[in-house]
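Single chain ahead, written as C-alpha cells, the form predicted alone.
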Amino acid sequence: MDSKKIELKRRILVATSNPGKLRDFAGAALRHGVEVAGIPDFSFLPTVAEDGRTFEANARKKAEAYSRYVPGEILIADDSGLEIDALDGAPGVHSARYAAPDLHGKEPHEADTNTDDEANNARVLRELNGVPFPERTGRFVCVLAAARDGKILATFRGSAEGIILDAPCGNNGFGYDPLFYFPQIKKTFAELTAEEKSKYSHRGAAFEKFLDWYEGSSRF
C-alpha cells in the first residue's frame, strides 16, 4: 500500500465541541496528512471544570480526564485565550467567559457556561475605549496537552503577537479573531481561511510543535 495513503489514515482526537477549534487544528493537520476528529459523543461526557489559573493547568486537566474515554488513543486538549497588555493580561484564561458580568451578573470564574463571542468582544472593546492604537498590544496564547489513558505525554505552547482593533474586521474564525490584527500579514485572523490561519496562529504554532513531536516518536 502507498505510504501516503497510510499516513492519511493517522488520526488525532481533540477534546472539544467547538467547531472553530476543530477547523483550526484541521487546517494545520492537512499539511501533515493527519486526520483531526472530535471525541465521539463528546457532548454526552461529563464536563471538566476549567478552573486552573493557567492555560497549561486547564489543558492538562482536560486531556487527562477525556483521554480515559478513548482507551489507547492519543488525545489532545487545549486551553487558549487572549492576553491584552493594557488590561493587565485580561481576559486571559477567562477569555471564553469574559462577558459573564454583563450577561449573567457573575465574574468569569464563577460562570457555568461560556459567553458568546459577540458579547466577549463587546466587553473588550468597551474596556479598551480610548486606548491609543500603539498601546493596544496583546497576544493569543495556546497550550496544548497530549494524553493517553489518563496520562499526560507532553505539552506544547504557541503564541501570536498582535494589536486589538477598535472594531471587528472579517467574517471567518471565531472568538476574538475579528479584533486581532496581525501586523505580519496586515490582516485580522477573521480574514483568513482555516489553513491560512494555521500558519500564523497560536493554536497552529502549538499544534505544529505537537505534530513534530508526534511524527518524531517511534512509539506512535
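It should be emphasised that the depicted structure is a prediction, and the values quoted were computed from it without experimental measurement. Note that residue numbering follows the sequence shown and begins at 1.
One more form of this protein, predicted in complex with a small molecule, exists but is not displayed; see below.
Engineer: Candidate spot 50, 81 and 197, all three in 4.5 Å heavy atom range of the small molecule in the predicted complex?
Structural biologist: Each of the three qualifies.
Engineer: Is residue 21 a contact residue for the small molecule in the predicted complex, using a 4.5 Å heavy atom cut-off?
Structural biologist: It does: once the small molecule is placed as it appears in the predicted complex, residue 21 has a heavy atom within 4.5 Å of it.
Engineer: Is residue 42 near the small molecule? Define near as a heavy atom within 4.5 Å, in the predicted complex.
Structural biologist: Heavy-atom contact with the small molecule at 4.5 Å: absent for residue 42.
Engineer: With a cut-off of 4.5 Å between heavy atoms, is residue 175 one of the residues that contacts the small molecule in the predicted complex?
Structural biologist: The answer is yes: residue 175 has a heavy atom within 4.5 Å of the small molecule.
Engineer: Using a 4.5 Å heavy atom cut-off, state whether residue 75 contacts the small molecule in the predicted complex.
Structural biologist: No, no contact at 4.5 Å.
Engineer: Given a 4.5 Å cut-off on heavy atoms, tell me which of 162-170, 64-72, 175-183, 29-37 is the interface stretch with the small molecule in the predicted complex.
Structural biologist: Of the options given, it is 175-183.
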